[in-house]
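Just the one chain here, the form predicted on its own, laid out as C-alpha cells.
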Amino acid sequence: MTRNFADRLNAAIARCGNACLVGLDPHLELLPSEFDDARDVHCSRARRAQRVGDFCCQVIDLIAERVPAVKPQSAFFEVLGADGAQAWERVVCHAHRANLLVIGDVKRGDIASTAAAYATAFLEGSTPGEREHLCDAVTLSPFLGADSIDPFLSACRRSGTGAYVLVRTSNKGSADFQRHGEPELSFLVADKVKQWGADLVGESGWSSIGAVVGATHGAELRAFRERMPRTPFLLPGYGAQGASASDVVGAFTSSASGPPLGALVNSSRGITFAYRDAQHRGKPWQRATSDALDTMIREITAALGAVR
C-alpha cells in the first residue's frame, strides 16, 4: 500500500517549513513574451503545447524545494487537445522529479463508471509504471452526490492518493447555492466530506480527503474547521483574488513540531505572472516569480506564528 496522501503532504510541509501551494494556470494571454509562440494560432498545436509545458517546467524549477506542492489546472492544457494532454503529463512528471506533490485541479464530478474512469485517469493509471505521470490528489465537485465521489474514494484507498472536494469556493457566485438552506448547503457538504474521509485518516491524524474552502471567506474558516477537524483544506483566493495571509489562519491547527498543519494556501497568477504586477514591473519574469513566492512564504509564515 502506498503511503497515505495526508501523511506525505504533512511530511512535505514539514520539509519545506511552509504550507504554500503554487497553482500552475498557464493562461495563454498572460505568458511572458518569450512564450509568444504558445498563443500564436499560426504555430502548430504541438509547438504551442510544448511552450506551455516549457513555461510550467521553468516555474517548477524556480520553486522546487521551496513549497510542498503544485496545482496544475487541466483546462489550460486541454485547450490544446491531445498535445496539451501530453504537456500536462510532462509537467506532472517534472514536478514529481522536483520532489513536489501534484494536486490536479480537474474538478471532476460524474457518476458510476464515468467517475471510475476519471479516477483511473488521474490517480491510478491504466498500465503499470505510470505513477510519475499521475496526480497525488485531485479536486472534485460533489454536486451529483455520494456516487460521484465513491469511485475516487476507492481509488484513494488502493493507491494512497487524495482528493479535495469543493465545499465553499472563492468565486463571486459561490453563494448562489453554497449558502442556500438551513443548515446551508456548504455545511452539509462539509459534513459529508468528514464522513467520506473517516477511513482514510493516516498516521499523522489527518485524512486524505480534503475540502476546498476559499480564503476569501476567512471569517467562515473556523466554522468549517470545527465541522471538519481532521480534514485538510485547500485554500484558493490568496493574493490575486484578494485574500490576505491573516484570512487563512482559522484553517490551521498547531503541530507538535514544525509549521502549523491543516491547509495549503494557493496562489496562482500572483506567483506565476507576478511580472505583470506594479511592484515587480521591469524585472525578468523569473525574478518576479521568485520574489513573489518569497513574499508569500514570509507573509503566511508570519500570520501563522500565533497558531504555534
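Computed from a predicted structure; not experimentally measured. Residues carry their position along the shown sequence, with the first being 1.
The next section is about a form of this same protein that is not shown, the form predicted together with a further copy of the same chain.
Contact annotation for residue 205: none of its heavy atoms lies within 4.5 Å of a further copy of the same chain in the predicted bound form.
Taking non-hydrogen atoms only, residue 227 never approaches a further copy of the same chain to within 4.5 angstroms in the predicted bound form. Taking the partner from the other structure, a further copy of the same chain in the predicted bound form has no heavy atom within 4.5 Å of any heavy atom of residue 216. Contact check for residue 174: a non-hydrogen atom falls within 4.5 Å of a further copy of the same chain in the predicted bound form. None of 141, 195, 154, 99 but one reaches within 4.5 angstroms of a further copy of the same chain in the predicted bound form through a heavy atom, and that residue is 141. In summary, among the residues 223, 185, 93, 201, the only one with a non-hydrogen atom within 4.5 Å of a further copy of the same chain in the predicted bound form is 185. With respect to a further copy of the same chain in the predicted bound form, the three residues 243, 288 and 306 uniformly fall beyond 4.5 angstroms at the level of their nearest heavy atom. None of 44-52, 245-253, 276-284, 60-68 except one has non-hydrogen atoms within 4.5 angstroms of a further copy of the same chain in the predicted bound form; the exception is 44-52. Residues from 77-91 that approach a further copy of the same chain in the predicted bound form with a non-hydrogen atom closer than or equal to 4.5 Å are 78, 79, 80, 81, 82, 85, 86, 89, in the order they occur in the chain.
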